[in-house]
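Shown here is one chain on its own, the form predicted on its own, set out as structure tokens.
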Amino acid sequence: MKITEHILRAKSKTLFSLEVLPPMKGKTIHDLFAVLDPLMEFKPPFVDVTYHREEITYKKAGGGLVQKVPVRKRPGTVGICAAISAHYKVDAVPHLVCGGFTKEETEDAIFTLHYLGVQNFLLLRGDALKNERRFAPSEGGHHYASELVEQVANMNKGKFLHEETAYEHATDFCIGVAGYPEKHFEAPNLGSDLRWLKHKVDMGADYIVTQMFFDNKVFFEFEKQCRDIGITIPIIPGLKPITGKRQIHSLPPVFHLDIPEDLSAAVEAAKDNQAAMEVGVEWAIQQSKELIEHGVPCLHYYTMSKADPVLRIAREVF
């Protein structure tokens, strides 16, 4: 079922959903099931599965030469989505990114997921490689998430690459995109970032999932600004509890967000990581309750493949 259909069927009740990481190489799907099993108590209608592109390493090749070697540390998203859907009978939402793919390879992956019965995507530009200062697409690939949205939207109309006529049997995907309440770090200002988000919506996006944030006022203002410029599709807030003392320093530079002073002071005052997690979980519980009272369609939790903090939040909120 499409995410938008789940939201309509909920009839204004806030849904519970989550995002997981593919397990590291050497682990099995059962390691991921161990994370998901306790959270199924809260009947998430969908589970997002992130995609992690290859990393580049350089090895000596003799004669003073260096060989560029792509390395993948996690298995692909397609098989994991198929396993989750079959095991739990929920919708698995794969993340598709621009980086590392040509347009033709993207179309092939989409056809494979269509064949497997996947109905939803979260479409992202993706991050730059660790050795790159800025994102660079593969040759023949997309530069922006909006171009990826346009490709999937065209497939929904039966328009495929290198085909002169539209096919009768089009795909029918529900398209999700990312939103940044504190703006994307590459945008010069929030207004510019919102215009790019509106462009993704105009290209065919059906719903928005936000980057994590810790101040609900930031989300409320972002939502208002989206509505003011004509974005009417569902906006799903993404949340992550603080789970350790170091995260108040590590999360901001990685995800380009602010930690409210009250939260950072409480975490810094915690005697250890367990006490810091207690602070983080309680903060996320209060965030969640306020967002539900506000009437958000769904709360989307970034688990980082750790069940316990999100489980504790869900037991207090849902």
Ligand code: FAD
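Sequential numbering from 1, following the sequence displayed. Fair warning: this is a prediction, and the values are worked out from it, not measured in the lab.
Note that the form predicted in complex with this ligand isn't included here; everything after this is about it.
Contact annotation: of the candidates 173, 160, 220, 144, the single residue with a non-hydrogen atom within 4.5 angstroms of this ligand in the model of the complex is 144. When this ligand is considered in the model of the complex, only one residue from 103, 114, 198, 184 comes within 4.5 Å through any heavy atom, namely 184. Here the marked residues 28, 80 and 305 all miss this ligand in the model of the complex; none has a heavy atom within 4.5 angstroms. Judged by heavy atoms within 4.5 Å of this ligand in the model of the complex, the contact stretch among the candidates 125-133, 83-91, 151-159, 226-234 is 125-133. Put simply, residue 211 is close to this ligand in the model of the complex: some heavy atom of it is within 4.5 Å. In the model of the complex, residue 107 stays away from this ligand, with no heavy atom inside 4.5 Å. Looking at residue 215, you'd find every heavy atom of it more than 4.5 angstroms from this ligand in the model of the complex. Although the partner is absent here, residue 121 is not a contact residue: none of its heavy atoms lies within 4.5 angstroms of this ligand in the model of the complex. The partner is not shown here, but in the model of the complex the stretch 17-44 reaches within 4.5 angstroms of this ligand through a heavy atom at 19 alone.
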